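Next up: just one chain, as structure tokens, the form predicted alone.
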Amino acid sequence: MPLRYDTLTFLSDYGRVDEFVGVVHSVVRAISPGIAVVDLTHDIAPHDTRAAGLLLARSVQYLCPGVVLAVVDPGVGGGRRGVAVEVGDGASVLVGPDNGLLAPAVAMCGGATRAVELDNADYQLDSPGPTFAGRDVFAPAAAYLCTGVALTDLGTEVDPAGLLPGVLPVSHVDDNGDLVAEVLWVDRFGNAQLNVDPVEVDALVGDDESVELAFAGGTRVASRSITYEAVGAGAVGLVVDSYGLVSVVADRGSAAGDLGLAAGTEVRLRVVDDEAANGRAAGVSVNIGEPRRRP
């Protein structure tokens, strides 16, 4: 049977210490030999569906058309469904748990065109227990799709509108005129991506080259820059990152480390006042708040 898809992109929170990633690779290869398997990452923090959903949404527009196997599944073996979600009228299919993980990427692709619940045991592995769905349910489904098995053969068709949505923070302007943002992601270089579009910063400060960043316990003035180098040594900057969002950065340093930023930290952007500008010139140190707790 000819391949329907020749690329499978795989991400998980499995890490590389245990055998989990290798076993999933072998299951896929046994069912669909010859396809290319791209490991997007396996270093998502355990059970962090929010981080995984954001990572997948950032990446999906650059992934080869094909099948995406995404497994971050804290509810494994429980009541959550396993699903396969078609996007782009069949250009790609995303396979994983229905726990909000897939939703941001599906939205980035223009929404789902079809979806099924993975409830056909003919396309699953027999298992002594339900705790490794990545091996027993999701990997076989993804691999069979690559061999040309129809989406609807994998299980019962469901209304895509009933899939669990992702929960992503949205920036807003409060009654004081502050642009209230949140750190979405801190990369390994210490750049802290905010849920802020550059247009929002333009609307807030106009042509001003500096923006005041406010955290619990302190403030810092950041320069608006095109490159990291333009920020300058010892300073903090705002750049438009490679995904089109605003990031807090430092030149050859970790802005997140210097300021204590982490995913979930609230950051308020506002017009620079004279006191903030003087604080920048004097190099005032500040205390940075803890990441905002989630319910």
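Note that residue numbering follows the sequence shown and begins at 1. Note that this is a predicted model, so its numbers are computed, not measured.
Separately, the form predicted together with a further copy of the same chain exists; it is not shown, and the next lines address it.
- With the partner omitted here, the residue from 55, 261, 236, 269 that has a non-hydrogen atom within 4.5 angstroms of a further copy of the same chain in the model of the complex is 55.
- Among heavy atoms of residue 125, some come within 4.5 Å of a further copy of the same chain in the model of the complex.
- Residue contact with a further copy of the same chain in the model of the complex: residue 75 places a heavy atom within 4.5 Å of it.
- Though the partner is left out of this view, residue 257 does not reach within 4.5 Å of a further copy of the same chain in the model of the complex, counting heavy atoms only.
- Looking at residue 273, you'd find every heavy atom of it more than 4.5 angstroms from a further copy of the same chain in the model of the complex.
- In summary, the region of this chain contacting a further copy of the same chain in the model of the complex, judged by heavy atoms within 4.5 Å and restricted to 76 to 84, 105 to 113, 148 to 156, 162 to 170, corresponds to 76 to 84.
- Contacts of stretch 176 to 192 with a further copy of the same chain in the model of the complex, defined by any heavy atom lying within 4.5 Å, are made by 185, 186, 187, 188, 189, listed in sequence order.
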